[in-house]
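Next up: just one chain, as structure tokens, the form predicted on its own.
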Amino acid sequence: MNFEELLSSPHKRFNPLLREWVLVSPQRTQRPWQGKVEKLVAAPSVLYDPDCYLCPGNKRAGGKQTPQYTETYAFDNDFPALLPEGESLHYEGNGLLVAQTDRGLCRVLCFSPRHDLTVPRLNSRELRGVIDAWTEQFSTLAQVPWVRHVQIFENRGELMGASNPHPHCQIWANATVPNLPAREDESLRAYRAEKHSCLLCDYLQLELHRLERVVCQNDAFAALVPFWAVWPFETLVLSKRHVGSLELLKEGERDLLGDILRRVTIRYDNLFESAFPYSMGFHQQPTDGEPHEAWHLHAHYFPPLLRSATVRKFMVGYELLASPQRDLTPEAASIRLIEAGETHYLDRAVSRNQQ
């Protein structure tokens, strides 16, 4: 069968990273929407908010003082999900009731002292500062003897659970490798053992050859809607060179990573002319001291908005009970993102007003 014939018919696609199928139902994009309509919170418009605990000089929610930082600022989360110390406990009941303690470190990284800036509104120098801070945090946490995985992630927007609009991300270091990176690790290692090459290197070459789902690229990175995408405008950012972590990037590649992240997030904002919500995170090699030659640095963007700035994609019903499912095909999503352009809609508005 010709692949084009699939694009208008229900079909399923295989995700080789997680080894699971995704149901694609393109005919459902025409159905009317009478469900929940979200009210998006407007992006901050002030440089400094006296009530924001992440703004320079303010007291944080836990009572500690945020210093008068001028660039990036990292600190231990005042309300961490994981703790570095504690008694090692294990419980098991007949092999069915199993639990054990888990250790970890939770950090927060502010991208900028300015309350109103987001990744698409940061300049090249500011973005390089963020990349350098991510790299430093990864390297420092990876040296903790018991840390096996470092997860850098950003929740942008109240819709994605961000409790504070100040530009920031979180960094959690775990004593064990979490579920999804562990599944990717298994897939990457199995592919390398069978094919003697890298799964994501090979996949990227396919996408760059076909150019059906590539949104944008530069000399070091490509951003694309993966063939197996679940979220409406999900993107995958891949390093063109085979490296396992941020700390292995060359100087110029760090600048180009900032460039590609800015271009992707500008397109997100332009899509519905709003501060586009998403969850984003890097997947990097485990930090147990082993070489992990199969690992390939990449970042996932999971945005919930489906067809407007107020209608979002929920994971419910069939997706919770059977399999991931999506209505908008990855090919259609990539076209929408490409057409969104890379001049931020706020800058276009300013230009029109000046004319």
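Bear in mind that the values here come from a model prediction, so they are computed numbers and not experimental data. Residue indices: 1-based, along the sequence shown.
As for the form predicted together with 5,6-dihydrouridine-5'-monophosphate (H2U), it is not shown, yet the points below apply to it.
Report whether the minimum heavy atom distance between His168 and 5,6-dihydrouridine-5'-monophosphate (H2U) in the predicted complex is within 4.5 Å.
-> Yes, His168 is a contact residue.
State yes or no: in the predicted complex, is some non-hydrogen atom of Arg60 no more than 4.5 angstroms from a non-hydrogen atom of 5,6-dihydrouridine-5'-monophosphate (H2U)?
-> Flag for Arg60 set to yes.
Do Ala190 and 5,6-dihydrouridine-5'-monophosphate (H2U) share at least one heavy atom pair within 4.5 Å in the predicted complex?
-> Outside the cut-off, so no.
Interface membership of Val144, 5,6-dihydrouridine-5'-monophosphate (H2U) in the predicted complex, 4.5 Å heavy atom rule = Val144 lies outside the contact set for 5,6-dihydrouridine-5'-monophosphate (H2U).
With 5,6-dihydrouridine-5'-monophosphate (H2U) left out of view, which of Gly161, Gly93, Gly252, Gly86 would have a heavy atom within 4.5 Å of it in the predicted complex?
-> The residue in contact is Gly161.
Quick one: from Val264, Val108, Leu204, Leu246, grab the residue that has a heavy atom within 4.5 Å of 5,6-dihydrouridine-5'-monophosphate (H2U) in the predicted complex.
-> For this set of options, the contacting one is Val108.
Candidate spot Glu71, Tyr73 and Trp134, all three touching 5,6-dihydrouridine-5'-monophosphate (H2U) in the predicted complex (heavy atom, 4.5 Å) = The answer is no; none of Glu71, Tyr73 and Trp134 reaches 5,6-dihydrouridine-5'-monophosphate (H2U).
Thinking of 5,6-dihydrouridine-5'-monophosphate (H2U) in the predicted complex, which stretch from 136-144, 75-83, 118-126, 212-220 has heavy atoms inside 4.5 Å of it?
-> The contacting stretch is 75-83.
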